[in-house]
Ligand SMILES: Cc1cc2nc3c(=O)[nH]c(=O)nc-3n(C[C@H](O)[C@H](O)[C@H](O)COP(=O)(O)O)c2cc1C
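As C-alpha cells, one chain now follows by itself in the form predicted alone.
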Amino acid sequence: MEKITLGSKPMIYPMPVTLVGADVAGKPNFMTIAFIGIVNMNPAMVAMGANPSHLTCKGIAENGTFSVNLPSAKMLEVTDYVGLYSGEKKDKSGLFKVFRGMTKTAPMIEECPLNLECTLIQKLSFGGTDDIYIGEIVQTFCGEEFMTSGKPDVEKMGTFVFTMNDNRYFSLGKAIGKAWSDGKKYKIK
C-alpha cells in the first residue's frame, strides 16, 4: 500500500467533542473543544489545546478551574453553536442548566451525560496557535440514566466525535471488541 504524505497535521482520529466551561467575571461561559484527551490515570488528568484568546481560556486563567462536558448527539446543534460564537459577542451563560461541584468556579452542564470538574495544574505555551492546559480531574459526574452496572455506558451516552480536515461530526458505532482480552486470542504467524 502506497502512503501519501500530508505534512504536519493534528490527525489522531476521531477527536472527542467536548464543551469546556469556566466562569468569566462570575458568569459561566463555554467553548467547543475537540483538541482534548486523557493524559494520566492517577491522578486523573486531562490536557487540551486551545487558543488563549478564547473567553473561556481567560476564565480558566482567572479561576484556575474548568469543566469538560461530554454532550450527547442530541446536543449537536447547540454544541456547534457554542463553537461558532465567541462569548465576547454572544452570552452563552443561559444555554444550559449549570451545576457546580467542589471548586464552585467550574460550571458544568446538566444536560451532558458526563462531566469532569478540573483544577488547572499547568498551562504550557510552545509558540504555536494554541496553549496546552493540563487539568487534574477532581470529580467526575455521570447522569444515572447513562450508567450500566455502576459504570458510565458510552452507548447510552450517545456522545459524538469530530474530524478536523473535513469538519464533520460522527456518532459512535457499536462495540467491536473487549480490551485487555481479545488480544489473548491472537496467534503470531
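Start at 1 with the first residue shown and count on from there. A quick note: this is a predicted structure, and the numbers were derived from the prediction, not measured.
What follows is about the form predicted together with the ligand, which we do not show.
Every member of the trio 32, 87 and 162 reaches the ligand in the model of the complex with some non-hydrogen atom inside 4.5 Å. Only one listed stretch (39 to 47, 120 to 128, 145 to 153, 23 to 31) carries heavy atoms within 4.5 Å of the ligand in the model of the complex, and that stretch is 23 to 31. The ligand is not drawn, but in the model of the complex it has a heavy atom within 4.5 Å of residue 169. Among heavy atoms of residue 139, none comes within 4.5 Å of the ligand in the model of the complex.
Proximity of residue 157 to the ligand in the model of the complex falls outside the 4.5 Å heavy atom cutoff. Put simply, residue 65 is far from the ligand in the model of the complex: not one heavy atom of it is within 4.5 Å. In the model of the complex, the ligand lies within 4.5 angstroms of at least one heavy atom of each of the following residues of 48 to 74: 49, 50, 51, 54, 55, 56, in sequence order.
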